[in-house]
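A single chain comes next, written as structure tokens; it is the form predicted alone.
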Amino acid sequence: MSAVLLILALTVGVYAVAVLEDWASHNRLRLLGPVISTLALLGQESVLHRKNDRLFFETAPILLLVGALLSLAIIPLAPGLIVTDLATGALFFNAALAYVLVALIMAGWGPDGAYGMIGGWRFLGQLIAYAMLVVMPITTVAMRAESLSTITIVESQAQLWNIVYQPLGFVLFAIAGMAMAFVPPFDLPNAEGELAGGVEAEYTGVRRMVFRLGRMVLILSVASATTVFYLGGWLGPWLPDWAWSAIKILAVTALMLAGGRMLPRVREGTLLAWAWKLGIPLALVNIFLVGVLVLVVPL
């Protein structure tokens, strides 16, 4: 029964992310938009370039989808409603997202196209900078919960959510998560205005559909992790546990997609400089502050 509920939640969640992204991009709410887009891609010819690395080209969209699904495996929607409760679940989330980097490098290299290759290498530089800004806030979350289990992390927020207990960590993790999911203004790997689609520019038909599905799951994963680590997961009054998880995840997704498009895109060099020179020092300050709070005010 739990497996059926999890599959249903994943299906509904991905569909909702697709609707929200269409709304954020085009300022229109079309509930049938994802269905229309999917049918259009299924009817489109899948073009295979003459000079390509066939293995990388075919594998990249699938690997992106698999990596995103793996990162969702440790996200609890309610007590007992989780794929696997790993003792190191919080770190597994970051480890699973490492495959996203591999997938995008493969997607950029495989078609032998200039725009795709630039997009893939952009994401490499972006992830190297932001990977630390994912791990370091997770460290402070685990410090408070005294565990890396995502279920224990949610339970540790029964008195006070982490967004209040460690707001700096929340801001850093949210920014890093958006960069990890390459949503605006951090969509440098597939910047439509300058790279004509970047890493997904050379994909058409079913391959492009799988690539976009992987990206939808990735956005859902980042929003779910933000909910679990900082917004108390399923905790909340009156409504069922799973309902609170769904409301919070969809709210975070909407803020990511709509809020990000209101910010100007910055050059990749500037983005990396901010991450290394400002983001990581602030993450170290956050670790120190949370360490003091854990000792002095152990909520």
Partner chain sequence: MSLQVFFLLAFGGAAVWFGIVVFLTHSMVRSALALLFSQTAIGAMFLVMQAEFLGVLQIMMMATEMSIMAIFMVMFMMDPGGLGEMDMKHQRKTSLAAGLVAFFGALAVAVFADWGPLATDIPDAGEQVRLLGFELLGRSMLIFESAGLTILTAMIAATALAVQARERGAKA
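Residue numbers count along the first chain shown, from 1. Everything numeric in this text was worked out from a predicted model, so none of it was measured.
As for the form predicted in complex with its partner chain, it is not shown, yet the points below apply to it.
> I have Ile153, Leu231 and Leu239 flagged as a candidate spot, so tell me whether each of them has a non-hydrogen atom within 4.5 Å of its partner chain in the predicted bound form.
Spot residues vs its partner chain: no contact at all.
> In the predicted bound form, does Trp244 have a heavy atom within 4.5 Å of its partner chain?
Flag for Trp244 set to no.
> Check whether Leu91 has any heavy atom within 4.5 Å of a heavy atom of its partner chain in the predicted bound form, and answer yes or no.
Residue-level check for Leu91: yes, a contact with its partner chain.
> Examine Phe182 and determine whether its closest non-hydrogen atom to its partner chain in the predicted bound form is within 4.5 angstroms.
No, Phe182 stays farther than 4.5 Å from its partner chain in the predicted bound form.
> Contact with its partner chain in the predicted bound form for Met256, defined as at least one heavy atom pair within 4.5 Å: yes or no?
Taking the distances in the predicted bound form, the answer for Met256 is no, it never comes within 4.5 Å of its partner chain.
> Pick from Leu168, Leu160, Ala95, Leu81: which residue has any heavy atom within 4.5 angstroms of its partner chain in the predicted bound form?
It is Ala95 that has a heavy atom within 4.5 Å of the partner.
> Note that its partner chain is not shown here; using its position in the predicted bound form, name the residues of 57-90 with a heavy atom within 4.5 Å of it, in sequence order.
Read in sequence order, the residues that approach its partner chain (within 4.5 Å, in the predicted bound form) are Leu63, Leu86, Ala87, Thr88.
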